[in-house]
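Listed next as structure tokens is one chain, alone, in the form predicted alone.
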Amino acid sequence: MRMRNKYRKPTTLHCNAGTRCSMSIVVWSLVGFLLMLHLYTLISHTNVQSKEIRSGLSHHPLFRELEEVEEENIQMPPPRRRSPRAAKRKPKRPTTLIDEFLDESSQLRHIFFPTIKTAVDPTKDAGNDSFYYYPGRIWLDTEGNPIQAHGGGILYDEKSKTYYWYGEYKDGPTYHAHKKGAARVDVIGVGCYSSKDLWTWKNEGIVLPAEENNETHDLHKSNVLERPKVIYNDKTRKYVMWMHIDDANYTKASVGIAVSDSPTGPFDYLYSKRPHGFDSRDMTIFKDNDGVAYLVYSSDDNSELHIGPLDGDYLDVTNVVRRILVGQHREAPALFKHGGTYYMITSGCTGWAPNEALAHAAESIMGPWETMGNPCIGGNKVYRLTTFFAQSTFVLPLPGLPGSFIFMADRWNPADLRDSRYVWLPLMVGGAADQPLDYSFGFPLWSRVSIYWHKRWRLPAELSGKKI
């Protein structure tokens, strides 16, 4: 005979009139369905956007070539001989590739800083080498001199259909202001170069010169002028330059503003200030599609970034500012936009020693910003962890090739800053990834940013305006 378990709980749900519980189930089921539908829509949008990028690029004959990264196999030189007494007194730690990069007497110096014999000279018919970028090689202008546009950025001028490359003109001796001071050169000014094809550059001269005599002037040669960027104001029809202004000890920590009627200057220097009352060092400016421009700068002793819109004339900041990447210690911001999403490449803060780049993304330029990881692909592990021994400065969109950009970086030579090199590489949104994204919840809402290492590469012929 089957016994009834008096402790067994009934499986039916007790609800008043049998309707309140049913309504609760229906409501929560509907909420769950809407959440799943929203998540599916986001994922589908991301997939569609990525497919659009891929389909827009896959037809291009050079797309596969740009994605085929190269590897670097660098053999470390044998250790230098030391006396047994010196070795016993202070054992030497293993030498790293970064140590070799920073050592001006290293046997590997020619790998990071090739000699003038391999310089890229667009004025000469190089045959099969024409229109190829060689990251790290000396790059000559149309007069046969090394280009001096460090820490710079590029403005495309719609009026003249010309690219203008602005940067630090460091054609002077490198020295230290004091024993523990940073390597520096006397301020000469901001150099400007013009080009129709992004490969052949004409020297337009110093468009913002240093001040030789007035020691109290921001641009006195004993001070610091870094990372100049220029944008055009459609309302005032002025070309506006923003830059990092500092003293020799990096205690001024300000931005400087200059303005001109022409992209080739001369620019009139207006003033310097600490934006929003905060210290400002590495910086950039970004002009959005709606004409609003933004200042992005490292602040709070480089522990975080600040971002805020400029006023209508681009000559000052507004009262609006946001703190982003707080506590992450990032600098050298390079901001760009694609498909309604804002992206940014930054570097770590390790002085002249190269470090790992990080890519960030946001749906709104004011944040919140999400860190997506290291965008560098190819070379070798050390190359990827050092941003190919370079530091970001600007990202230039390529018209006619959606999702494709030029990543511009500086390979700093602290022993001789005027001999610092340029590392230009293809950057793609929606490209391949060497490792999965690291995100805290759900699915990423944006595509991967990829910077591909090449020993040499070139732009599509229709973009450069030349037959290759």
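Not measured: the values here are computed from a predicted model. One-based numbering along the sequence shown.
Same protein, other form: the form predicted in complex with a small molecule, not shown, and the subject of what follows.
Residue in contact with the small molecule in the model of the complex (any heavy atom within 4.5 Å), chosen from Ala182, Leu315, Ala119, Met366: Ala182. Checked against the small molecule in the model of the complex, the residues Tyr250, Tyr156, Tyr271, Phe278 give one hit for a heavy atom within 4.5 Å, which is Tyr250. Stretch 349-357 is the contacting one of 156-164, 94-102, 191-199, 349-357, since its residues have non-hydrogen atoms within 4.5 Å of the small molecule in the model of the complex. Contact annotation: Glu226 falls within 4.5 Å of the small molecule in the model of the complex, judged by heavy atom distances.
Among residues of the shown chain, Thr284 is not one whose heavy atoms approach the small molecule to within 4.5 Å in the model of the complex. Although the partner is absent from this view, Asp218 stays clear of the small molecule in the model of the complex, with no non-hydrogen atom inside 4.5 angstroms. By the criterion of a heavy atom within 4.5 Å, Asp141 is excluded from the residues contacting the small molecule in the model of the complex.
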